[in-house]
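Next up: just one chain, as structure tokens, the form predicted on its own.
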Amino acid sequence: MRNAYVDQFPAEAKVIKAAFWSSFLALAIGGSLGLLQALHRTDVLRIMEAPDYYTVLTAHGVLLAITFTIFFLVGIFTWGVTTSLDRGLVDLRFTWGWYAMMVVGTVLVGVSILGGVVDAIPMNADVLFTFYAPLQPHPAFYVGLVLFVVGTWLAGADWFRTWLAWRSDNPDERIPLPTFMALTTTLFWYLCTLGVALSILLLLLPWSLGIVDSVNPLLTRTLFWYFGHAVVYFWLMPAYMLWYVMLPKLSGGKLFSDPLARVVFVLFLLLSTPTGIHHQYLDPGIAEGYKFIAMTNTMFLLLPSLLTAFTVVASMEHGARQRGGTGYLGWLKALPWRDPVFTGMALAGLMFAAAGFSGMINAGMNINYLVHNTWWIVGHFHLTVGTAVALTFMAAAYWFIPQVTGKELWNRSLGLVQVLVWFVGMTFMSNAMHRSGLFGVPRRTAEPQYENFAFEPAAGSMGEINAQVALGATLLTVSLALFLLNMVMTSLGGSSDEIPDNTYAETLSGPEDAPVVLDNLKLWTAIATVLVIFAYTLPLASIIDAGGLFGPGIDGFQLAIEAGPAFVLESVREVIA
């Protein structure tokens, strides 16, 4: 008898399926726009004017970094909570309500961005993913973001309601691991989104509506990065959950340590938010001492990542040896490399290790000055959200879509090709981006070519680097098309009795081996709040003291880019004025 998720929780399966397809739509649009950007910047193919590049860049960032990732996240966490608690959500009307709010918010944001290239839409939002002042979008952009974030808050409340209902029936039981991961991530999300919520509701939205004449740009920038770095871990934590609860099972074994997994998620709750100032090392309005504290906090985040690497690899080794693997490294050959779910997640984890090394460069104050605002940074986050997260999610979809539809995956071999092509494409593109950042090639610009100046790489040439970027972007787009084809054809197929059972990895060391204090969510949330207060009170107070809440009279302006150094000089004068 089939025992897929859709058989156990048919109503919740519909919500998860809707969230996944919302995620896939954002991935399809945002990923396609990424190809346009890469070909434009490398001067391989230019089918848009330079000002339109920034509209495309904004859509690419928002759709992939916020919409794609978070829609998939709410689906994964809904699966994790209901499966591990073995009970449905408390009220499906409430669940559909927060999903609808996220959809409406996405549409508002998308339409406001689309207005940058469609004259019939009387708005625009060419503010990039980093939407702080002085760039000013239409108010609909901010309203859409608010609705989307509030929708995610309600999703977290939904998971907490379900857990509390379960706890009333099981007062002496430990929180099941997937639910523990979802709840700690939710608490961290509530904490880290406070900054961007305050920035939008008290400063940016009133400013865009004309209620106030100006805002303090450094204040909005700091409140954004209070959220902007932490959101990276919000993307990553569902990927971590999948590595912990899926990879050991796919490997043929068990999770090495449930207690270590809990420690990792507690550390992320504690350490992820008080780190955002490391994105502002070159901001002159923040004292160097505060930046040093942010650097120290950021370095501590290496610990949960290293613990994850140890635990997940140990779990994979256990599985491989259960499958007959032997030797110091020979066990690697016994892993199920022909399974696209396993291979995609394993390669995503490998890429994340590389991202960790480049991230240490970003986090260090002195060496960050070399790569700040260059293509190195873009290469780094394409390894994190673009591979560790995106490739994990796509690989996981090959398991989850059959679970929530009851339909067998259309073509497993095509899935394997897809994850391999993504890995190769990202290797080309991110490698070239990292290298180009080392000799100063800038990010956030449509035209990185300058008169009477040539970038001189230590090895290779700009032509070779641009070719790698264009090739990598093309391969990524091909991989994306293969993924979407597999998802569509799977959904169009008929019901199957060959769906794997809806289970997750058992453990070698279970929750009974973990200190009970790890499940004290109130304690960890209180400590996380105190750490944030320590990290941000004095910097924010000094920023407000120097520039006030509403700034020194800087008016917002709609982003426009024209050719010629005279315009650039005039734009600089406008910002300074």
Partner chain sequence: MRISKGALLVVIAVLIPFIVEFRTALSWFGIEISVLESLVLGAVVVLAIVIWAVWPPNGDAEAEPTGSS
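Just so you know, these numbers come straight off a predicted model, no measurement behind them. Numbering follows the first chain given and starts at 1.
One more form of this protein should be noted, the form predicted together with the partner chain, which is absent from this view; the next part is about it.
Only one segment in the set 464-472, 484-492, 192-200, 165-173 has any non-hydrogen atom within 4.5 angstroms of the partner chain in the predicted complex, and it is 464-472. Looking at S479, you'd find every heavy atom of it more than 4.5 angstroms from the partner chain in the predicted complex.
By the criterion of a heavy atom within 4.5 Å, S84 is excluded from the residues contacting the partner chain in the predicted complex. At a distance threshold of 4.5 angstroms between non-hydrogen atoms, Y233 is out of contact with the partner chain in the predicted complex.
Mapping the unseen interface onto this chain, W96 falls outside it, with no heavy atom inside 4.5 Å of the partner chain in the predicted complex. Put simply, of V146, V424, L154, A140 only one has a heavy atom within 4.5 Å of the partner chain in the predicted complex, and it is V424. In summary, among the residues G110, P336, G406, G88, the only one with a non-hydrogen atom within 4.5 Å of the partner chain in the predicted complex is P336. Candidate site formed by R323, L350 and A459: every one of these residues places a non-hydrogen atom within 4.5 angstroms of the partner chain in the predicted complex. Contacts with the partner chain in the predicted complex, taken as any heavy atom within 4.5 Å, map within 414-441 to L416, L420, F423, V424, T427, F428, N431, R435.
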